[in-house]
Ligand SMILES: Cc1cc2nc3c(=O)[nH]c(=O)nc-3n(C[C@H](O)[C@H](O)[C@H](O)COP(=O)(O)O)c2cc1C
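One chain comes next, on its own, written out as C-alpha cells in the form predicted alone.
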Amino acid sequence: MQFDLEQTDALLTTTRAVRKRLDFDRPVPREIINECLELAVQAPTASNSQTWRWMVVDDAEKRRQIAEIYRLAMQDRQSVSESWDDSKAADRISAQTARVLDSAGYLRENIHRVPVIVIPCVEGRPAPDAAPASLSAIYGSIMPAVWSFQLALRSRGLGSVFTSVLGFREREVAQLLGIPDNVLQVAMIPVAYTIGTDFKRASRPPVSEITHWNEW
C-alpha cells in the first residue's frame, strides 16, 4: 500500500484542539460519527481487550445539563489550581498558552451549543494503588482510539478537542447518562464542523531537545 505522505503528514500535523472555530450552527449527522468510530476502534488495545466504549450525546437537553456540570468542573479545577503555591506561574505562561486558556474560557461559555459531545470510556477502573503498568493498560486501551477518532473527524472537515476536566464531576455525568459504575470516563470531546479548514502546525520544541538515545 502506497500512502500519500504529504497528505498523511498534513493530517497528523494540523489536527488541532479546536474550540473557537467550532461551527455551532451546522448539524453533525450521526452517520459521520459512526463512520469515525468505526475507524477509531481499529486502534490497538491492551491484550486485545477491546474495552473501549463510547457515549455520544446529541440530545439538546442532555447537552445543556452536561454543559452545566462542565462549568462546575471548571470551577473545581480552578480551586485545585489556586491551591498550588506558585506565584511565578503567570510569568511562565507563553503567548500560545494564554491563547489556549482564552479559548478554553470560550468553550466553557458555549459548550451547550456544540452539536455533538462524545465521551470516550473504558470498561474497568484502576485500583487506588494500581501499578503504572495497570494504568498504562487501561488508558492505553482507549487513548489510541480517541486520537484515531479525532484524526478521522479532521479528515472529514470536523473539529474536536480532548478535554479531561469533566472527570472532576464524573459521578454526576454517570448519573445523568446512565453510565455503569465499572465504566471509566476518560474525556469529553466536543465535535462540530469547523469554521474554515486552514489549520497549521503548532509551535513545538525541537525533537533533538526532548529525545534521549540509549540513556537520559
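Fair warning: this is a prediction, and the values are worked out from it, not measured in the lab. All residue numbers refer to positions in the sequence shown, first residue = 1.
Keep in mind that the form predicted in complex with the named molecule is not shown, yet the notes after this line are about it.
Among heavy atoms of residue 175, none comes within 4.5 Å of the named molecule in the predicted bound form. Put simply, residue 162 is close to the named molecule in the predicted bound form: some heavy atom of it is within 4.5 Å. For residue 16, a non-hydrogen atom is located within 4.5 Å of the named molecule in the predicted bound form, even though that partner is not displayed.
At least one heavy atom of residue 70 is located within 4.5 Å of the named molecule in the predicted bound form.
A heavy atom within 4.5 Å of the named molecule in the predicted bound form is found for one listed residue only; from 116, 122, 107, 119, this is 107. This chain is displayed without the named molecule, yet in the predicted bound form the stretch 163-171 from 163-171, 28-36, 52-60, 177-185 comes within 4.5 Å of it by heavy atoms.
For the partner-free chain shown, 202, 204 of 187-209 come within 4.5 angstroms of the named molecule in the predicted bound form, judged by any non-hydrogen atom.
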